[in-house]
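In structure tokens, the next block holds one chain alone, the form predicted on its own.
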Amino acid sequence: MQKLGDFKLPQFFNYPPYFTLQPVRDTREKQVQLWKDLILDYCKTQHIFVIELEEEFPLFSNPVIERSLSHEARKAFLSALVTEGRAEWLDKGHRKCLILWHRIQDWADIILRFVKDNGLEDGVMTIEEIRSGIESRGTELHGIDRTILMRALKLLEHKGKLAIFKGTSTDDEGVKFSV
């Protein structure tokens, strides 16, 4: 089985037709599903949050079989993730895509588990401590995209689980948990 770094690629990755958008509807639906699963799995294991269509992305080419996805195919697979609520376009031109390998509600649950596991039920943390502090090392929160983190925190704030407070700069933004 072929690998991309420490990531094991699925068998279809070595099958040239899967690098070309399939014209038959049933085949294309299977192809799109395989690519959606692959993109989500790869982004999760590699901790990738943003894919830019105009830049090289390791999954979108396979030098072993000398195949690459066309721009149209890349956009089709990412658009399918957007339609499913597993990604969002970050720009109007659809060139930059935020990948939600966990849905926002799932991220909110991960934050709550992190708070409980670290005894922070009534604690205060800065946004940056959540993203890159000692407590978050070794967790999925370490290095989380700021946009995703803020959306999950706002969801929890709406549910009364925390209060977000703003400082004079983004380094001063924080959270008071009340779990």
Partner chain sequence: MTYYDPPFHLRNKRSSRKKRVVQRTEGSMASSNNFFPSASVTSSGRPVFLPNEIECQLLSAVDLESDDGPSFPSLKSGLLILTTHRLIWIPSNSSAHSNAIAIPLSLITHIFSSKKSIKSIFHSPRIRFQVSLNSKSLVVTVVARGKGDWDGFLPKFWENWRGRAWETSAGGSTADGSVTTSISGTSSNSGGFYLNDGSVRMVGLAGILRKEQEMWESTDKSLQEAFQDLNALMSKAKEMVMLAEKMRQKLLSGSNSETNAGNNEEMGSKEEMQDWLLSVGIISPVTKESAGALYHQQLSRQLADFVRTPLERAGGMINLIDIYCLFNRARGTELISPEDLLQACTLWEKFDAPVMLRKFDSGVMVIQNKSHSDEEVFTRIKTLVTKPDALQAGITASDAAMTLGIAPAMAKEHLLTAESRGILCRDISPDGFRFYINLFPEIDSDDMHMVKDHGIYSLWVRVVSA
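Residue numbers count along the first chain shown, from 1. This is a predicted model, so every value here is computed, not measured.
This next part talks about the form predicted together with its partner chain, which is not shown.
Think of it this way: in the predicted bound form, its partner chain has a heavy atom of just one of S132, Q46, T139, Q33 within 4.5 Å, and the residue is Q33. Interface residue among T126, T27, T147, N118, judged by heavy atoms within 4.5 Å of its partner chain in the predicted bound form: T27.
Comment: 36-44 is the region of 139-147, 36-44, 49-57, 108-116 lying near its partner chain in the predicted bound form, near meaning a non-hydrogen atom within 4.5 Å.
The closest non-hydrogen atom of Y15 lies within 4.5 Å of its partner chain in the predicted bound form. The closest heavy atom approach of Q11 to its partner chain in the predicted bound form falls within 4.5 Å. For the chain shown alone, P23 is a contact residue for its partner chain in the predicted bound form, at least one non-hydrogen atom being within 4.5 angstroms. Contact annotation for K154: none of its heavy atoms lies within 4.5 Å of its partner chain in the predicted bound form. Contact annotation for 58-91: a single residue, R67, has a non-hydrogen atom within 4.5 angstroms of its partner chain in the predicted bound form.
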